[in-house]
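To begin, one chain is listed below as structure tokens, in the form predicted alone.
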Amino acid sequence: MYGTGIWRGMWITLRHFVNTYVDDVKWGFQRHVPPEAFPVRQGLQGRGSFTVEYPEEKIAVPERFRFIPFLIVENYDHPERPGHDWCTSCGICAKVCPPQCIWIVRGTDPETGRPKPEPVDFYIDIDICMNCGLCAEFCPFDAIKMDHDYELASYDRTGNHIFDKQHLSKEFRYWQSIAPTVAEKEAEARGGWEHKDVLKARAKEAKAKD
């Protein structure tokens, strides 16, 4: 019958409108308290209309969400290598980067002059980065990962948007906190929670003792 679709649409709208207030009553007209209210109301179990009031409220990002890359360093309370870089400055991330936004300066031994497997400087231009994640995918040492922090706007594009090594470096436990499942799978593939070089050195030491 002519007009049935209009009435059906209006009924759905009215039902959402009523359910919105029913849900408000259910949660005591408090959007943020208790803490579990927000993820439930903005999820599939929510009823009615629920507007996320950004930036006061933020929708949780999935574990595999990716934004600007960051560098993993050992935890600062690590007993053997506190704050040591996981990056060996092999340069694979810079080579596979489609927009070429990564610059690496490799370190050298001051006594021998030979290159060291660690970066002295590491830069990423976040205005050029396209968040593809290829640098993290190709890194053979799990040293570069994609961050979940997407609030990076500033008034100075020339200086603040070129992240240096100090800005990019974050403890390994940070990666474990934002991507626990992925971090665990990577650890299984490496054979432990430590850096590949540490695991190799321990295996070699154990073999020598045998």
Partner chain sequence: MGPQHPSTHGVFRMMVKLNGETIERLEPVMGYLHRNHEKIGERNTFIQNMPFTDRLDYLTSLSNNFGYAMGVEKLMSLGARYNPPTRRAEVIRVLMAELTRLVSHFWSVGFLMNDIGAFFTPMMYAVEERELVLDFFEATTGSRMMCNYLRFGGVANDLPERLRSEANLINDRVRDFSTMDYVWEMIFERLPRAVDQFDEYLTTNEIVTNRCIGVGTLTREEAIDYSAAGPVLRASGVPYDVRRAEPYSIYPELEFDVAVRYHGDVYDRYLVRLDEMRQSLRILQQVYPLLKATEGEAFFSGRGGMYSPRVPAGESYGRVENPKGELGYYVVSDGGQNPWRYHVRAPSFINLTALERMCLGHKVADVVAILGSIDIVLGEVDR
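Think of the rigid core as the biggest set of C-alphas that the two forms share within 1.5 Å after superposition. Numbering follows the first chain given and starts at 1. In this text, all values refer to a predicted model and were calculated from it rather than measured experimentally.
The protein also exists as the form predicted together with the partner chain; that form is not presented, and the subsequent description refers to it.
> Flag this candidate site as yes only if Thr13, Val61 and Leu134 all have a heavy atom within 4.5 Å of the partner chain in the model of the complex; otherwise mark no.
Yes, because Thr13, Val61 and Leu134 each have a heavy atom that approaches the partner chain to within 4.5 Å in the model of the complex.
> Within 4.5 Å, heavy atoms only: does Ala153 come near the partner chain in the model of the complex?
It does not: once the partner chain is placed as it appears in the model of the complex, Ala153 has no heavy atom within 4.5 Å of it.
> Is Gly107 close enough to touch the partner chain in the model of the complex, meaning at least one heavy atom pair within 4.5 Å?
No.
> Any chance Ala206 has a heavy atom within 4.5 Å of the partner chain in the model of the complex?
Although the partner chain is absent here, Ala206 would stay clear of it in the model of the complex, with no heavy atoms inside 4.5 Å.
> Flag Pro98 as yes or no: does it have a non-hydrogen atom within 4.5 angstroms of any non-hydrogen atom of the partner chain in the model of the complex?
Taking the distances in the model of the complex, the answer for Pro98 is yes, it comes within 4.5 Å of the partner chain.
> Taking the partner chain in the model of the complex as the reference, which of Gln45, Asn160, Gln166, Gln30 has a non-hydrogen atom within 4.5 Å?
Selected residue: Gln45.
> Using a 4.5 Å cut-off on heavy atoms, what residues in 110-149 are near the partner chain in the model of the complex?
Those in contact are Met130, Cys132, Leu134, Glu137, Phe138, His148, Asp149.
> Is the shift of Gly191 between the shown form and the other one large enough to count as movement, that is, does its C-alpha move by 2 Å or more after the core is superposed?
It does not reach a 2 Å shift.
> On a core-based superposition, does Lys200 travel 2 Å or more at its Cα between the shown form and the other one?
Not so; Lys200 is displaced by less than 2 Å.
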